[in-house]
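In structure tokens, the next block holds one chain alone, the form predicted alone.
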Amino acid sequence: MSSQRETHVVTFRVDARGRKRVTLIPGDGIGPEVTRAARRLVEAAGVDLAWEEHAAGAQVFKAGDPTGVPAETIRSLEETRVALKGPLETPVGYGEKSANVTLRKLFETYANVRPVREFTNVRTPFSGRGVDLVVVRENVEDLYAGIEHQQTPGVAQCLKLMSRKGCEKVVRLAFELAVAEGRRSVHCATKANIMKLTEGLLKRTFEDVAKEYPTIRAQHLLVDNAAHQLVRAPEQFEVIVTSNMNGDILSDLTSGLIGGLGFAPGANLGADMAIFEAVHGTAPSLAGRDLANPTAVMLSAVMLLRHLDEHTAAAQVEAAVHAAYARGHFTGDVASAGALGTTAFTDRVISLLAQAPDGWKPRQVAPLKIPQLSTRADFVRVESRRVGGLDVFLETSATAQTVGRALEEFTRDGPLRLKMISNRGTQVFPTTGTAPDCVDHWRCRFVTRSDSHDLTDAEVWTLVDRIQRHFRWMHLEKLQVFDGAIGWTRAQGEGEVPGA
């Protein structure tokens, strides 16, 4: 089903003096302090970049811009195509969308790459286990599409959208990352046993793409098992590719294996855009106090330098950060006794740029090849299709039996028949002998009486017209059959789906 297998190495822009241009977004809370530390370290390593500083996040929201990302910042990113970003404050549970998510979506940075590698002298239950892995998280779709609806006063819906194109891009990048970093295995973590169409799409895509990388060991596992295995034997993993929500959770877990979010760098990568940032938040209680740990942003700068083809400097900076910990230099989040402030810790790292910790094994990293897929919106095309039925979502306080008998009457003489009604995913009509605790949100499934009939819109509206005279409806979903394969799943307790 793959339609394009080309790759390219991301290029970068330069200014009139030949310096590589980078948009710098200091961020909120501790952001300005930790990004300033990373910038100092990059410059100390001898890399002269053309930094273009622009705002995003809390100060932009407070200025009245509901996007959190002003036009001038977007223009800079469009020109430089690369950024180093501090953490941004996001309203929780109300108000504007996350500026972080806005940036990822605007520039289609479809892969969130989060490496973790253990540090000497940062004691965790996993010290000495050789933790060195990367989580590659799909970054723009899944539940993070943010499409939600309040369907009844007491029932909300969130749409989980996953595409073959989105899955293929992130899976291919995960394999290309393994190749670039000399890693031998890629695991794919999904919940395909429960969400067979969405999470199952990622699993099927992974299995298809894996055939093109025969030298890389490819293995699928359920995401709950992945979490279990990560705290039992994290050293078995090298690259884990997963969906957006799962990746958000697993990458925080993996940062905990090495000491916490203060050690977790990240990169948001797209076909022609790269935004590098720490995984941690704004830590407002530490802001302006010279107490923040800049390690995560420093290591994000390492990823930035590799992206800019500054591999020697990247290796020196990464080694110097690890050397600082090996020599017992810490900020207060690691150890209170003898803790250094942000500035002093940065000074120590800079002083170690020409050194590496004992036993340090630098990873030889080749340029990462970014997958290039077709830009067609209809990325997956089929030879045949028909509409095999309709799910109608109703709001009513009536019982399942009352609703079911009425709907059976409405379809007694038409092309559709009522197959079942479910409530929160469990069939309640016809009764299965159980008594679920129901809410006022009912999915009513109608299927065509003939397995060859292609339901028309006129037939849909005829049914809806009959229903709306008696019940309040809020949502319709056509039941699609593509190339003979049904495009829907059964409710808990629902019998066989009619033949396609």
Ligand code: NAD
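Because the structure is a prediction, the values reported are computed rather than measured. All residue numbers are counted from 1 along the displayed sequence.
One more form of this protein exists, namely the form predicted together with the named molecule; it is left out here, but the text below deals with it.
Among residues of the shown chain, A292 is one whose heavy atoms approach the named molecule to within 4.5 Å in the model of the complex. Among residues of the shown chain, L202 is not one whose heavy atoms approach the named molecule to within 4.5 Å in the model of the complex. Using a 4.5 Å cutoff between non-hydrogen atoms, N193 does not count as a contact of the named molecule in the model of the complex.
Mapping the unseen interface onto this chain, S285 counts among the residues with a heavy atom inside 4.5 Å of the named molecule in the model of the complex.
The stretch that touches the named molecule in the model of the complex, counting heavy atoms within 4.5 Å, is 260-268, out of 260-268, 407-415, 172-180, 202-210. Site annotation in the model of the complex: the residue of E118, E89, E238, E318 reaching within 4.5 Å of the named molecule with a heavy atom is E89. Note on contacts: among A226, I370, V279, M162, the single residue with a heavy atom within 4.5 Å of the named molecule in the model of the complex is V279. No residue in the set E53, M298 and S351 has a non-hydrogen atom no more than 4.5 Å from the named molecule in the model of the complex.
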